[in-house]
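Shown next as structure tokens: one chain only, the form predicted alone.
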């Protein structure tokens, strides 16, 4: 879709596009009206407009305006600027954050745009402020390049995006190969939209997902973690997973898991991952909470178990083997994904509890039942059983039944008299002891 300078905007009135204004959050309306009242333009943009046209409830509302970040800050005291290369403004209302960005110039037309190429072949370009007419051409897909005008509730369409949304067609703006070189994450976004929204990829760029995917190996590990959450916590994790593997992209997230999928004969680990993703989709569909820690624990489970068993075979105590394996795998994984510590620690606890589930009496068993991660670890155990580890039948039955008992019966079954006898959390047990200072010792001199 080149030659965009000749394209003319089509303004579609509200009675034609039929977006329900009630689906737009009150906070988004406050920002739109605040900008317009101050003499600036205010447009809902991107995924929010696409979802509104599909009758879906957007989770996030992004706004584009001709006001600079400094001007936006003056309009909204409850705001702050973020970003270095191109500043945007976050306007906060309670827990909801509305992101406001100034129109940017297209890369082709920006006078000060300079192209550079990274060692991996990725194009790096500067950003400059622009207008609505230029902003549209730097967006990725036509379905995400629609602007909902807060002043008259019309939709501005330069690229035939409205028709593409209605036809569930995913088309890229500009030269596909160039756009993927500019930002390889666009390939992941294409897969996410295809999986989540059931959009069909355009024949012009779909083959490039195979030939250009190697660009992802140079991506930021922190950004890839964020994209992974969007891919797997959008309600269509299982379908998205299949697409990621189809385009040979999943290996850039979890190379160890992908190697095991191709290596194993019985498909046991693949079945575990698929069962976990299906469970995640179910929980999201029921509006239940999900945690990235569980996803991390599933994807890295095979590597952790391999190294733990390797340590045990070398006569390293089992618990120490599991701790060593957990640390090793998380450390190796950080080269591909930057997993926040709060999630990696939780994943480690889930893994350690898998080993401790074999204990069914005494303080050790009680420490499992009272552990903060017990429920997540128990769900993990059940998924292992359901995906083929049939030798876990008695273990699953025991920990399923004990949860239904009153506390007094639980203690009796565990052969423990006092609930306070539970061991301390695993990480505290293995924390090195601090040496006591000899108070009688004086510094000389």
Ligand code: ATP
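Numbering follows the first chain given and starts at 1. Bear in mind that the values here come from a model prediction, so they are computed numbers and not experimental data.
Although not depicted, the form predicted together with the ligand is the subject of the following passage.
Only one of the listed residues (37, 59, 390, 417) places a non-hydrogen atom within 4.5 angstroms of the ligand in the predicted bound form, and that residue is 59. For the options 233, 305, 336, 138, the residue carrying a heavy atom within 4.5 angstroms of the ligand in the predicted bound form is 138. Heavy atoms within 4.5 Å of the ligand in the predicted bound form are found in one stretch of 180-188, 281-289, 245-253, 297-305, which is 180-188. A residue is said to contact a partner when one of its heavy atoms sits within 4.5 Å of a partner heavy atom; residue 210 fails this definition for the ligand in the predicted bound form, lying far away. Taking the partner from the other structure, the ligand in the predicted bound form has no heavy atom within 4.5 Å of any heavy atom of residue 42. In the predicted bound form, the ligand sits within 4.5 Å of a heavy atom of residue 193. Of the heavy atoms in residue 384, none are within 4.5 Å of the ligand in the predicted bound form. In the predicted bound form, no residue of 326-344 lies within 4.5 Å of the ligand by any heavy atom.
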